[in-house]
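Coming up is one lone chain in structure tokens, specifically the form predicted on its own.
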């Protein structure tokens, strides 16, 4: 019978930026994220005569399908299984053309569906290792709430949970300034960043940030966690600038100024931004309405708003 899995995307509060080994997706520094309830991928996996990939109801070929089946081939080898044809049917419940990466939820769901289909009784640590081979950030989507991914020098690099049912009351407001392909991919951006004279400092700062974020999560200190997240995002983009490129737009920076102005007005709000121009604002649930209103007043139709909170870890089951 076919197997089914659902995995949610995550937002890195301490960014994954830099690989020690691209093939194994080993990170140069630790990262820490919050899994999001609003955005997820559903994947159905079944044995078939030939490989076929269907995404959002449409058959997909080319590089996108190649990446999926190259990854599945790695899983067959990892678990010493004979290769078989597979039908992969996925649906991404992630806003299209909004700049949200779905690779974390997509590869986490695919890893979980594969384990279910082939009867692999994996621990979550083992599943995190398997998901990492498809997308580094997928290692964190195995868990709900807050998760951390330590840097690793071997193939055993994995993520682990910090607080899967946070009581902090965090709300994540995504500001989308339009889609379009990035001129420099995240992979290429990471490669270039390793040549920056500031890269060793970046690694140390990420280690420090993870320690501070862990303490803030344990203490339920939203403002400290927000400070750590905003500083780390600024450092990542500063690292890119030191190598002569940037993902930020004027609207990205306007969102940063908006968060800073809200704090001056006694509304704790903090900025984050991945390798792209779209930004995220972190606030407490009770302040979400005020932050959304401030975004509308400052940016009007220039920003599409999406709201999320802490989500669940990956789930998988066999269809009956």
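What you see is a predicted model; the values in this text were computed from it and never measured. Numbering follows the first chain given and starts at 1.
Form predicted in complex with a small molecule: not shown, discussed below.
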* Name the stretch: of 163 to 171, 219 to 227, 137 to 145, 85 to 93, exactly one has residues whose heavy atoms fall within 4.5 Å of the small molecule in the predicted complex. => 137 to 145
* Asked: Is there any non-hydrogen atom of residue 186 lying within 4.5 Å of the small molecule in the predicted complex?
  -> yes
* Given that the partner is absent here, does residue 256 sit within 4.5 Å of the small molecule in the predicted complex, heavy atoms only? -> no
* Asked: Contact between residue 52 and the small molecule in the predicted complex at 4.5 Å, heavy atoms?
  -> no
* Flag residue 26 as yes or no: does it have a non-hydrogen atom within 4.5 angstroms of any non-hydrogen atom of the small molecule in the predicted complex? => no
* **Full three-residue contact with the small molecule in the predicted complex, heavy atom 4.5 Å, for 12, 17 and 190** => yes
* Selected contact from 38, 262, 275, 65, since only one has a non-hydrogen atom within 4.5 angstroms of the small molecule in the predicted complex -> 275
* Of the residues 157, 196, 103, 235, which one places a heavy atom within 4.5 Å of the small molecule in the predicted complex? -> 103
